[in-house]
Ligand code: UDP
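Below sits a lone chain in structure tokens, taken as the form predicted on its own.
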């Protein structure tokens, strides 16, 4: 796995453009900034510009270089070309020793390509996730497979992800099972941050809804909106939807959900408020990958509104259920959880298969070793509480949430 040995500090370029990438790379950036062995060079592409900058400050992500490549409703091909060009120029300017990309976004793919073209080794955080269906999710499944062909380090979040890489012929010496950094960051935020949950009522079951995936947009998402409206008609739930900025998402959901007294549609939440809202809800309906990982940490059953998932570990553990996108199936699965206390308890108590809050330590320790650093890597998460400790501190009802 080792590249040519160099003198510390290692110049590590971390490429991120979306909110999930920022959340999952923030603990790596913080740990590198605190270590004499690394010089983190954070580059943002602005895929989620409006959601990103304040959150990066709150998460204590160090100074960063920003690209300006986003255009309203631009095609994936245009975005990809602009990102490869812009990131290639940044790599040539910063001359990093390694480029870290996270997950499966267009930013991650183009960051890996730009590094490869400039002969800089690539480390892939959250490597090895697969659905087995090339265009679902689109384009993420293709992105993660292509990054896997470029990367020199594959930091797999779970043993299953590592097995996918082995099946594709990636040498075992290039794969390290680390856990998922999203857990590191969530536990850090709940320990250090103060957020305000956005539920407003008492005595109702609180459902957090997130929808945004490209493959769900259009008629499928409109049908989901109708299912949610029928769910709200029960009268015993409050549904909170932080609405994604995507015009396609808004066009699909707003006509179906606007005006219902038990559906609150709000602008996208900052990460601290979202974490507090997740902690305060009773259950989650989502098509988000990151939320599938975070919800089990807090004992929140997650119904996954997709036909495939690259995170089957949560389903296998019983913490999540893949319910698909058909309105009647969504409604039936949600009502089963609401009406069956034993079923709800089984999911809430299933546990989290995605990590222990120490993925970051494993990642930077491996990089330090392979770059020939001769100093011990300090524990970066010594103050992070366990999942059980975090759950024990969750609020009993809606309101301000803080563990500080």
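A quick note: this is a predicted structure, and the numbers were derived from the prediction, not measured. Numbering follows the first chain given and starts at 1.
What comes next is about the form predicted together with the ligand, which is not displayed.
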Worksheet item: Quick one: is residue 274 in contact with the ligand in the predicted bound form, heavy atoms, 4.5 Å cut-off?
Response: yes
Discussion item. Can you tell me whether residue 189 touches the ligand? I mean in the predicted bound form, with a 4.5 angstroms heavy atom cut-off.
Written reply: no
Fill in: Exercise: residue 55 in contact with the ligand in the predicted bound form, heavy atom 4.5 Å
yes
Worksheet item: For residue 269, is any heavy atom within 4.5 Å of the ligand in the predicted bound form, or not?
Response: yes
Discussion item. If the cut-off is 4.5 angstroms on heavy atoms, which of these, 164, 206, 300, 213, is the one near the ligand in the predicted bound form?
Written reply: 213
Discussion item. Under a 4.5 angstroms heavy atom criterion, identify the one residue in 296, 225, 289, 128 near the ligand in the predicted bound form.
Written reply: 289
Worksheet entry | Contact segment among 149 to 157, 316 to 324, 241 to 249, 228 to 236, judged by heavy atoms lying within 4.5 Å of the ligand in the predicted bound form | 241 to 249
